[in-house]
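As a starting point, one isolated chain is supplied in structure tokens, in the form predicted alone.
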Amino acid sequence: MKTMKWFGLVLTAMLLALALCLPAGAAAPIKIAVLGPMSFTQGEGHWNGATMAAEEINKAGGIKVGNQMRPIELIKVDTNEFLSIPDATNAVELAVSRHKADFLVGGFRTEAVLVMQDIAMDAKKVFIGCGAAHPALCTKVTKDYDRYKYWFRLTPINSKYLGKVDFILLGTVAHIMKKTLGIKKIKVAVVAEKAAWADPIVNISKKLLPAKMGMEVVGVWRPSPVAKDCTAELAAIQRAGAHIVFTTFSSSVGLTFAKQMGELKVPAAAVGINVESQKSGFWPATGGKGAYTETINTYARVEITPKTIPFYDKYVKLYKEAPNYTAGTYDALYIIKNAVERVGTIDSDKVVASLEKTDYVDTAGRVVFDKSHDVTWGPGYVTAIGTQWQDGKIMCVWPYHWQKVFYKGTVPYKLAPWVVDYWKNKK
């Protein structure tokens, strides 16, 4: 009997010692599902950004939940949303029901994210969007708060503000051309890929440019999103005498258009949205002919905040390319961490209340969520940036002392030399 008691005491002591010696990583992980089209660059951005943040947080001990440090476990969820919305639905269902995800981040295509959002709301899971821009995703929060309060959008800025920045960039380039070349009335060619999302930008351009911005629209061109040849459009644009080409491209036509515009040395400045030109591979893919292309962007190697350049450099070192905006999952994980640690629980309702109090400086600006759980846009908050290809590098050219906003490392916008020569000789 004495032997049994002794054995029991030793076993208890061993278990106690083992418990005391358990590393923080032995606690139950907090599961975060990363949603994205993983076969595409957008999904890669989602996963890369989240992986960077999870590794940093886990290395520092994890997320403090009450008195316990819990590690992050990422769940990679390939939504395949470019090709199939039902695939996205099934993937998110599995993340919630089978993998028991505690939080969701990511998503890209608005049509798919709308469905993912409902699945997350049914499960009462906090979902931070890092990809889709449509305002409807956030207006649902204000229309039916009790159901949609678990949704927050972090990146990009919504379509309304993307449009606002788009026209600010256009107006800035027009001002520079007027001042540099002495042009009295700027002529604009509106070029947008033939896709539904581009229609509102085309329609408002036709009204806003002449009525509010004092410019002349010389024509509208709508090439296919996957066009391999835009020489006909470019020739027509040159015949029309355009000083600026106002672009709206989200797909591969942006690459074709920029390359051929440079090859033909069309005497006009290209500015607007060109997602292809946000990528590191744009320069080699255009053989350098995409020089001077300007686009809305989220990241560049400038000091938007003290965190931007360290994040940018580490991302480039790890993944051999510049981060695209879906890599904002990096910030999403830190925002979740801070919200959880403020309330000491992963209970969704309490985390929502904590997220609503977020005032956090991330890699793209100061994040404060508004009543619709969208990021606040404007000076002092998140603004987005304008980038231009100069001498083989993506350079930030906007904001450039706009509304007293200037990010260290930003450089002046440059007109292409052939544009300057053409219009100066035209006088």
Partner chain sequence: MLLDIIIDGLIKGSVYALLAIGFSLVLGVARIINIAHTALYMTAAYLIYMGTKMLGLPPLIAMPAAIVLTVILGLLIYNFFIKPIQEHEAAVLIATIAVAMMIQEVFLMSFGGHYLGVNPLVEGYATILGVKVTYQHLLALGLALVILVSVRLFLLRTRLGLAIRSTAQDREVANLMGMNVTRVAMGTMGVSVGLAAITGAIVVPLVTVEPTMWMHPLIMMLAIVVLGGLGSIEGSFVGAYILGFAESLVVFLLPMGSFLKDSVALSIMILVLLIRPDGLFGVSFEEER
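Numbering follows the first chain given and starts at 1. As the structure is a prediction and not an experimental result, all values here were calculated from the model.
What comes next is about the form predicted in complex with the partner chain, which does not appear here.
In short, of 340-348, 257-265, 298-306, 180-188 it is 257-265 that has heavy atoms within 4.5 Å of the partner chain in the model of the complex. Under a 4.5 angstroms non-hydrogen atom cutoff, the partner chain in the model of the complex lacks residue 320 among its neighbouring residues. Interface membership of residue 148, defined by any non-hydrogen atom within 4.5 Å of the partner chain in the model of the complex, is ruled out.
In the model of the complex, at least one heavy atom of residue 40 sits within 4.5 Å of a heavy atom of the partner chain. Though the partner is left out of this view, residue 93 does not reach within 4.5 Å of the partner chain in the model of the complex, counting heavy atoms only. By the 4.5 Å heavy atom rule, the three marked residues 51, 57 and 67 all fail to count as contacting the partner chain in the model of the complex. Site annotation in the model of the complex: the residue of 125, 109, 222, 76 reaching within 4.5 Å of the partner chain with a heavy atom is 222. Note on contacts: among 316, 232, 162, 208, the single residue with a heavy atom within 4.5 Å of the partner chain in the model of the complex is 232. Residues 266, 267, 276, 284, 285, 287, 289 are the ones in 266-300 with at least one heavy atom within 4.5 Å of the partner chain in the model of the complex, listed in sequence order.
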